[in-house]
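Consider the single chain below, provided in structure tokens and representing the form predicted on its own.
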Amino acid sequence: MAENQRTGAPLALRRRHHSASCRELAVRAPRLQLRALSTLTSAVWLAAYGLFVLCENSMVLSAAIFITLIGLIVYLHFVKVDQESLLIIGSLGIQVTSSYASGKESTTFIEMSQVKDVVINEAIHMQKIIYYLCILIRDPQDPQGVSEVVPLFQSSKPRLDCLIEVYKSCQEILQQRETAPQSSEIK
């Protein structure tokens, strides 16, 4: 199993070659900064304390603490993604996993028979061109058509050079699938 890392500004790409037809690619985002978190929490609590002094109502302090804690839990459990990984097994399929800061993991599996292709797409957003990797899902009624586009690495949004590296690995495995004889054709 070969492993190497490529680091960019705040993101790191980790590649693992488990075998010729199995690769794992993971993009790790920077960890939550304790300094920024404590600064934001302190600012909210100081503002609440200022309101408490003005209106002399202890509910203001309690509400500020409660809202801050609930907001932090929601942010860590549903928003802050630490790592997004892509496991490609040529004979089986593609598994996409997002690991959140709270420890929660969200996993999606796409069977290889449903995968038409993996492409790098581009979008224009606020006067910027954004590149993203996506899986094209084969249309069951029209084998040449696409029924769905599944974007990858939505939270980490890696740069184009990182996406190209992931794209090349995916294409190598997809090419092996196309050149290998199908078991149903051998019979």
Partner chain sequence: MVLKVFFPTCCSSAESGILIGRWISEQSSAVVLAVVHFPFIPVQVKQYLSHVQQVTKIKVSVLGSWSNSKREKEESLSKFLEDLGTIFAHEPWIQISKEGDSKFWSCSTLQKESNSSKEEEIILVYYDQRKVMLSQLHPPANTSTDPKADDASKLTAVFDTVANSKILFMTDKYDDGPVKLTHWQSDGVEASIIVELLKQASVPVCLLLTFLLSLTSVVCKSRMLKFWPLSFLWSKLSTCEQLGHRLQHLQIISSSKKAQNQTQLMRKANIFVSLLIDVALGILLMSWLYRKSRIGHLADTLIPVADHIAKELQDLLQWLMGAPAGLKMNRALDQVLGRFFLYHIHLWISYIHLMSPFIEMILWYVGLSACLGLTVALCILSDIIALLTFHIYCFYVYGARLYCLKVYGLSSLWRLFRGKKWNVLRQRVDSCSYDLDQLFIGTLLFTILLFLLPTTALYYLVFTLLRLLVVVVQGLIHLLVDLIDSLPLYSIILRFCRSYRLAAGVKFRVLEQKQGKPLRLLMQINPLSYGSLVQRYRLPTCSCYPKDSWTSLCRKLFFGELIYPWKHKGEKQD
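Residue numbers count along the first chain shown, from 1. A quick note: this is a predicted structure, and the numbers were derived from the prediction, not measured.
We do not show the form predicted in complex with its partner chain, though everything after this point is about it.
Peer 1: Taking the shortest heavy atom distance, is residue 72 within 4.5 Å of its partner chain in the predicted complex?
Peer 2: Answer no; every heavy atom of residue 72 is more than 4.5 Å from its partner chain in the predicted complex.
Peer 1: Could you tell me if residue 18 has a non-hydrogen atom within 4.5 Å of its partner chain in the predicted complex?
Peer 2: Yes, residue 18 lies within 4.5 Å of its partner chain in the predicted complex.
Peer 1: Using heavy atoms and a 4.5 Å limit, would one call residue 140 a contact residue for its partner chain in the predicted complex?
Peer 2: Residue-level check for residue 140: yes, a contact with its partner chain.
Peer 1: May I ask you to state whether residue 174 is within 4.5 Å of its partner chain in the predicted complex, using heavy atom distances?
Peer 2: Judged by the heavy-atom cut-off of 4.5 Å, residue 174 is well away from its partner chain in the predicted complex.
Peer 1: Decide yes or no: are 46, 56 and 58 jointly within 4.5 Å of its partner chain in the predicted complex, with each residue judged by its heavy atoms?
Peer 2: Checking in the predicted complex: none of 46, 56 and 58 is within 4.5 Å of its partner chain.
Peer 1: Sequence order please: the residues of 70-94 with a heavy atom within 4.5 Å of its partner chain in the predicted complex.
Peer 2: Contacts from 70-94: 87, 89, 90, 91, 92.
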